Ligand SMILES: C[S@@+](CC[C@H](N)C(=O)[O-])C[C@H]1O[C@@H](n2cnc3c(N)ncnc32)[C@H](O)[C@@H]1O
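Taking the form predicted alone, here's one chain by itself in C-alpha cells.
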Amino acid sequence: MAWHVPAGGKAITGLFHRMWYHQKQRTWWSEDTTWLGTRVMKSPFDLWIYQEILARVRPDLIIETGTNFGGGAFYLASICDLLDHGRVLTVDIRNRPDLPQHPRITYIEGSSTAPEVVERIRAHAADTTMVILDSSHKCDHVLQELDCYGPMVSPRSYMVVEDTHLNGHPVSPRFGPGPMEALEKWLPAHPEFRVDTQCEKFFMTWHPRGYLQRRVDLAAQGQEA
C-alpha cells in the first residue's frame, strides 16, 4: 500500500524530521531518553513499527548489528517477553561493560562483517529470523552486511536497514554515501526483498525504504549455494 502525503506535507514532515534529529542533545542522543532505564537512541515512531512487526511475524531470532548502549536490544527483548516468544542476538565491535542483561539477549563482540563472526551468527539460525542492520552506516559496510545477512532472513520476515535518512534523506546532507545509497545498489539484484512502505505510515521514519520484507513467492532467490 502506498501512503499518500498531502500537498506540502513532505516539506513539513521533512522540517520536523531535521529539527528532531539535529537537536539530538534534547531528543534521541540525550541520556534521559531511555527504555526502562536503559539509554536507547531510536525514533519512537520506528520502535512502534518494530513491535508491530514482532507481533505479526513472531521471529524466533532477531539479529541486530550495532549494539551500542544495548537499548535497542533491550527494547526488542522486552517485546519478546510480552509475546512470550523470540530472542535477540546483537553484535558490536566493542561491547560496553554496563550492557543490560536479559535472558533473551546474547551479545557477540566483533565486526559484523568478519567471516568468523558471520559464521558464528549463522549457527544460531532459526526457523523465523529477522535482521536489523545498525552498525557502521557507510555505504560499503552496509553493502557487505546486506550480502552477509540477507540470506538469513526468513520468507515473510524482515531485514531493516536503519538510518537510510542520512546523507540528505533528509538529515546530515554531508554524511556521504550511506545506507540509502547501499540499498539503491543492492535492491535491484535482490527481487526476493520488497520495500514495505506501510512501515512508513507515521510519515517520519529514520529508515525510509529501509523496511525490507522477504517475499514468499521468491523465497528461493538469494539463498546461498
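Residue positions are given as counts along the sequence shown, with the first one as 1. All values derive from a computational prediction rather than experimental measurement.
Below, we refer to the form predicted in complex with the ligand, which is not included among the displayed structures.
Engineer: With the ligand left out here, work out from 120-128, 92-100, 78-86, 151-159 which stretch has heavy atoms within 4.5 Å of it in the predicted complex.
Structural biologist: Every other range fails; the passing one is 92-100.
Engineer: Would Thr164, Gly178 and Leu212 all count as contacting the ligand in the predicted complex, using a 4.5 Å heavy atom cut-off?
Structural biologist: Contact check failed for every one of Thr164, Gly178 and Leu212.
Engineer: Could you tell me if Met41 has a non-hydrogen atom within 4.5 Å of the ligand in the predicted complex?
Structural biologist: Close contact exists here: in the predicted complex, Met41 approaches the ligand to within 4.5 Å, heavy atoms only.
Engineer: Any chance Ser111 has a heavy atom within 4.5 Å of the ligand in the predicted complex?
Structural biologist: Ser111: yes, in contact with the ligand in the predicted complex.
Engineer: Could you pull out the residues of 58-79 that have any heavy atom within 4.5 Å of the ligand in the predicted complex?
Structural biologist: Glu64, Gly66, Thr67, Asn68, Gly71, Gly72, in sequence order.
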